[in-house]
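Only one chain is shown below, in structure tokens, and it's the form predicted alone.
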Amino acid sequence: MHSVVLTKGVPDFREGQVSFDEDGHLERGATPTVMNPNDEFALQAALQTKVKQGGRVSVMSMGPPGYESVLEEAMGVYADDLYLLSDREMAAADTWSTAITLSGGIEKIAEEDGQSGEPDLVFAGFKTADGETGQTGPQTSWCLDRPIVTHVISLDVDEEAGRLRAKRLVEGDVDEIETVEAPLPAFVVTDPEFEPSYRRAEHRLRHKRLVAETEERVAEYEDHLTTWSAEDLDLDPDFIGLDGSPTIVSGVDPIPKAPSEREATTMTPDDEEGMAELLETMRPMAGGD
């Protein structure tokens, strides 16, 4: 069983990490890049599949050379090997040209693996923290001509039968959970509600061993990293990067700036009068009268 997990580097939106220019636009060069938080659920789903079925987990990202740190972070969750698709020709890509590039990378892995063929499962997280479109996963699935299951919250794979069974969250007027099946190879988009399950003792022991092994590999992640250019993937320059991006941005709204300075008042629990004033100040924020 071979799983490929797609991950993306996004700005670190934690307070104090984000830098803006004078117009309120994000300064990517001055803001640290981290792994998209939703991608950890995809990594956990791939790890669960490896624990129960064996095999291999590959993690792939597209981005500049600095994205190696994103793959190092992914290695910390779990990965056997890492792939970075990096080339100036791939820069400024929208979701569609990104999907074309990622599908080219997955097909390249299948080509390198020879007779073992294409990966059984491709995992992606739900939305990225910067784009919020949720389009890249489904578009990559379309490029690979695979069945796709989205909003997956739990997953079981029957390798012998060549099928997966998943529970997925259906959001609407009333949240519902439905169970679906799909043939392998397939594409899975995990929901932030995904929870790995290790009910059998042998699975819990194997999970513990694999996590310990990958922690040791993090320090030597570069030994497990392969970098491919557009030429390596034999991609048509007209279909990748900015030239291959049909998206037209009609406008950009500056991100509201946080106050540059804040005033703090120190009080102790023994200050009954001060605590009462604080509660009165906070009551409207909590929806009280």
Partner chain sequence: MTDEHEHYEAVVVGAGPGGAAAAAVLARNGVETLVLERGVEAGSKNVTGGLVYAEESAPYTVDALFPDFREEATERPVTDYYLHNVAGEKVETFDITDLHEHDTAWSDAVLRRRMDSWMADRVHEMASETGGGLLTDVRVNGLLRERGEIVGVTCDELDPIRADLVVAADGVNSELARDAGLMDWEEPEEWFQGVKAVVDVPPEIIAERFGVADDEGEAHLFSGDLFQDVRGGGFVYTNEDSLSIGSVFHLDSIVEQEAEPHQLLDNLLTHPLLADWLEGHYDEVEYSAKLVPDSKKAANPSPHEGRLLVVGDAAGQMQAQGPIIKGMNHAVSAGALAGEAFAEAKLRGKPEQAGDLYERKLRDEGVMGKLRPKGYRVASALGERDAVADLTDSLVSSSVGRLGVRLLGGAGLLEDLYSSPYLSQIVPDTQTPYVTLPTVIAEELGERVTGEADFEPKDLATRIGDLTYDTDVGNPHIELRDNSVEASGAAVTACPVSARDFGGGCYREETVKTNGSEQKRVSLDTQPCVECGTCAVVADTDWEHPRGGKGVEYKEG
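Numbering follows the first chain given and starts at 1. No experiment lies behind these values; they were computed from the predicted model shown.
One more form of this protein, predicted together with the partner chain, exists but is not displayed; see below.
Among the residues 160, 202, 176, 216, the one placing a heavy atom within 4.5 Å of the partner chain in the predicted bound form is 202.
For the partner chain in the predicted bound form, the listed stretch (203-211, 89-97, 146-154, 177-185) containing residues with heavy atoms inside 4.5 Å is 203-211. Remark: residue 142 does not count among the residues lining the partner chain in the predicted bound form, judged by a heavy atom distance of 4.5 Å or less.
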